[in-house]
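Below you'll find only one chain, the form predicted on its own, shown as structure tokens.
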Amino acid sequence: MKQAIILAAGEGNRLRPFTAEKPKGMLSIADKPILQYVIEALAQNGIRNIVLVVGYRREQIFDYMGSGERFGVEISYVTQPNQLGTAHALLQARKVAGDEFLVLSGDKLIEASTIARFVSVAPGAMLLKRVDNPSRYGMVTVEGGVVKGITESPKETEGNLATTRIYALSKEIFDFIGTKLVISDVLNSMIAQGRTLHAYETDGIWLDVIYPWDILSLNGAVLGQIKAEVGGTTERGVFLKGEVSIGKDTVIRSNSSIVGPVIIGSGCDIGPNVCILPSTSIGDNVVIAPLSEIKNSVVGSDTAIGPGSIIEDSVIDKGCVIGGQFTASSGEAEVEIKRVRYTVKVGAMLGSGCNLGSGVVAQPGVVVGNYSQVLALKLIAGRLPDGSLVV
């Protein structure tokens, strides 16, 4: 395989507020967009001709990925004007597709080892992974190494083989798409007409983010692979333990404690007397004031967190300003997504550009929309829409 077509046009409605202003593939996991992990995995396996199918908020992907030069690849773009489905997205790349190619999702995090063997298989193949709940991803029936059928969102599951939505295909697939919108429907049609689709399994990293709290599990999984690297300045009395990566021009001030795995971006100002605990990612240009503690959380770039704050199992998007004594403790909570309630253990989920006064307490599971404002000493709970004002 010399070419890959990456489907990166989707929005990810169930991930709001984090996808209200960015494509799902541009969600940051351990300080890098998911889409970047996919491109780097392809580059490390020698695939450098990459077609990106973009749509929702496509300008963000243009600006970040560019021509692909800094990732060692050549990127071309096609647009899916309306996000009608994966098969419709693939169809947009028909004119630039080679005779054979890989198809991948731009919003499923993978590593190079995940596709290392698959990149050399012949067209007419799909990559599978054994998971605990295949109904979340799509169940695949396999006999003798050949796919017999793909069932999206099955009510009952038999076996644990799920589709990774990674395929090795030839241009023949375009003749079968027609008005079909989903790739699995196209492949089922091809199978019904006598085409063979071979099944290959991977035990490499393949992670999907569907709900806001999934960001935490992906972040933890990726941080488990990082290596210690200190590119900034650590003052006297700073305690570092485990794998801690600190970016350029970041200052960790005196008597702060960081227990890895933790990644901190560039240009940050942390402490003094700040405690950062495992599975935490902090973006670029973040300020964390003294006597704060952050655990198993994701903090976006250009965010400021006031003194004496306690944050755990939380996701805070970019550009937030949070006053002192902010508390976002973790606990079991019911969170409603698309009129479905899920019971999860989570802290707070704050969209971008939020402004919280001092002494705000966030109940477990609160979802705060982008550019919301909460005045001092308020208790917030439930789901607040974008632009909310809590007085």
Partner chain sequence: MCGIVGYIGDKLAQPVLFNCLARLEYRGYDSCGIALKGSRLRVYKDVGGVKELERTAPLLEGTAGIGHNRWATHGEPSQANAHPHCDCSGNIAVVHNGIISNFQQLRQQLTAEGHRFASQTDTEVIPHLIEKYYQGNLEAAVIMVLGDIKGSYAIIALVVGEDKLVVARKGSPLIIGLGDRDNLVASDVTAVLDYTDRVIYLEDGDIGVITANSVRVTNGGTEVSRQESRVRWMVEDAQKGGYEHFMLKEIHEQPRVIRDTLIGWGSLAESAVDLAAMCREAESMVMLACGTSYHAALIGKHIVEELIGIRVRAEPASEFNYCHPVLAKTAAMVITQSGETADTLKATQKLKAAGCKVLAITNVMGSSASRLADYTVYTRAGPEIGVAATKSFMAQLMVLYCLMLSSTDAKASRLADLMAGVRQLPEKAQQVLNNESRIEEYAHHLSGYDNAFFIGRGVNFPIALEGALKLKEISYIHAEGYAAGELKHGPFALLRKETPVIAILAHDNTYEAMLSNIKEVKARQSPVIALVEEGDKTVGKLADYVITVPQVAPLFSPVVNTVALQLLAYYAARERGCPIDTPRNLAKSVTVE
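Positions refer to the first chain, counted from 1. Please read all numbers here as calculations on a predicted model, not as lab measurements.
One more form of this protein should be noted, the form predicted together with the partner chain, which is absent from this view; the next part is about it.
The shortest heavy atom separation between K338 and the partner chain in the model of the complex exceeds 4.5 Å. Though the partner is left out of this view, V321 does reach within 4.5 Å of the partner chain in the model of the complex, counting heavy atoms only. Put simply, G267 is close to the partner chain in the model of the complex: some heavy atom of it is within 4.5 Å. Among heavy atoms of S28, none comes within 4.5 Å of the partner chain in the model of the complex. Of the residues N188, N285, Q92, N296, just one reaches the partner chain in the model of the complex with a heavy atom at 4.5 Å or closer; this is N285. Site annotation in the model of the complex: the residue of E152, E235, D249, E172 reaching within 4.5 Å of the partner chain with a heavy atom is D249. Candidate site formed by D214, D313 and P364: none of these residues places a non-hydrogen atom within 4.5 angstroms of the partner chain in the model of the complex.
With the partner chain left out of view, the stretch that reaches within 4.5 Å of it through heavy atoms in the model of the complex is, among 199-207, 271-279, 67-75, 217-225, 67-75. The partner is not shown here, but in the model of the complex the stretch 10-43 reaches within 4.5 angstroms of the partner chain through a heavy atom at E21 alone.
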